[in-house]
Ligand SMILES: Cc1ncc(COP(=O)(O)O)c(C=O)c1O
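Let's start with one chain on its own, the form predicted alone, as structure tokens.
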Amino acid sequence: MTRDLLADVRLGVPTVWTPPSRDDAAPPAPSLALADVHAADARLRRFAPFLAGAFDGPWYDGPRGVEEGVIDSPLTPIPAMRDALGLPHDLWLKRDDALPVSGSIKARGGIYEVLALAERIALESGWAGGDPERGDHRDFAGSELRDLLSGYTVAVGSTGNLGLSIGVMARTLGFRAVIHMSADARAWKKDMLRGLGAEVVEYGGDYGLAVATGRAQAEKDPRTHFVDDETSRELFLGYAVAGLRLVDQLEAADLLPSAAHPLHVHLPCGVGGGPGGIVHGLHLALRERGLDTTHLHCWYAEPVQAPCMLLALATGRGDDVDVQEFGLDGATLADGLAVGRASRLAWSATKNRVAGAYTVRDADLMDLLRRLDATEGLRLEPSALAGVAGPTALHEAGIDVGDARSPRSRHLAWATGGSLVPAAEMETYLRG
């Protein structure tokens, strides 16, 4: 890390960090191989009939048509927003704000881990003869499996959206759900969870305290499963499926990365599990098709007060560095990104593959929120706008990695949430 960059981080000045080199050919960890991501995709598809019966959707309508019970989102061009920002290249939005079930990117990893747990417990009890391929996963809507799962607890520490996804899915399956929520979590998310019958434990401190306390309590009870956003392999694989599935969408939209048209993917980043999983899965999926990932450039986007992944990458210290060491308090309107320490799993899995990381002021997030509503009629929560800030951040910093400022590059911003924000709260965002 350079002294100038360190000084900017300490001052809360928007910053762009790029690595001295990348190693796209580095092999994945043995437990996070392509076969593991495909297995996670297969499990989600086995549960699709159950999900289609348990929830209303709307279900994903993609290259294969409408896939009921499949948790995925559309890829949408936003040309009016591009013009409003004065960008010379195409700008697209990955609409995870419109994901079914819980309306955020956390529906991918959080729901997957709960489903994986439910399937494992059921198989160990003798369901489907111990073979998930033989089972009818609609059985999970029935009283026999719900009664079985009601004897177990699912717990998680969260700033908001992960807790919401875990709580919704756990309660739907019959689990007891305990959600440890930091002070940054929005009140409406806590209220929604309580309405589902989940137990919400509130903390005056930050995300790290909620996770540490929840983890310690879960370790005392063998029938409690703690979803650990910092270390969970299952959570990471659930997010990696998004990268796997994105390739078909990129191909249908003629956006596959190439020397002629590099692709930049901008990912809002909190602890890093969600964006890290997507980076990992996307790299593996492109290489599976024989495509050159050197033309794919993935960026982590963080608030100026909570740049935990930028610091993890720039210092090389992973989860051994906290934003408070740099005089930052982690406080941000982007509640889903209010994290002081990065996931070691996400950092180690992607540190050789990312193009870099940058930070964004809260005021700029809110300006982008209002612009997107005015230009495209799309309403996102503040954290979801971090990636939309990316192209401008790269332009202003003079960063031209992968021809980032060239008209021939394409930029895709991942919209991580927003559809469940109550109308009154959204109006406060829009009014400023």
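The numbering used is simple: start at 1 and walk along the sequence shown. All figures in this text were calculated on a predicted structure; none of them were measured in a lab.
Keep in mind that the form predicted in complex with the named molecule is not shown, yet the notes after this line are about it.
- Although the partner is absent here, N161 is a contact residue: one of its heavy atoms lies within 4.5 angstroms of the named molecule in the model of the complex.
- Remark: P268 counts among the residues lining the named molecule in the model of the complex, judged by a heavy atom distance of 4.5 Å or less.
- The named molecule in the model of the complex comes within 4.5 Å of no heavy atom belonging to A170.
- Under a 4.5 angstroms non-hydrogen atom cutoff, the named molecule in the model of the complex has G273 among its neighbouring residues.
- Exactly one of the stretches 99-107, 254-262, 190-198, 316-324 approaches the named molecule in the model of the complex with heavy atoms within 4.5 Å, and it is 99-107.
- Checked against the named molecule in the model of the complex, the residues P307, G238, G281, G336 give one hit for a heavy atom within 4.5 Å, which is G336.
- Contacts between 403-419 and the named molecule, taken as any heavy atom within 4.5 Å in the model of the complex, involve T416, G417.
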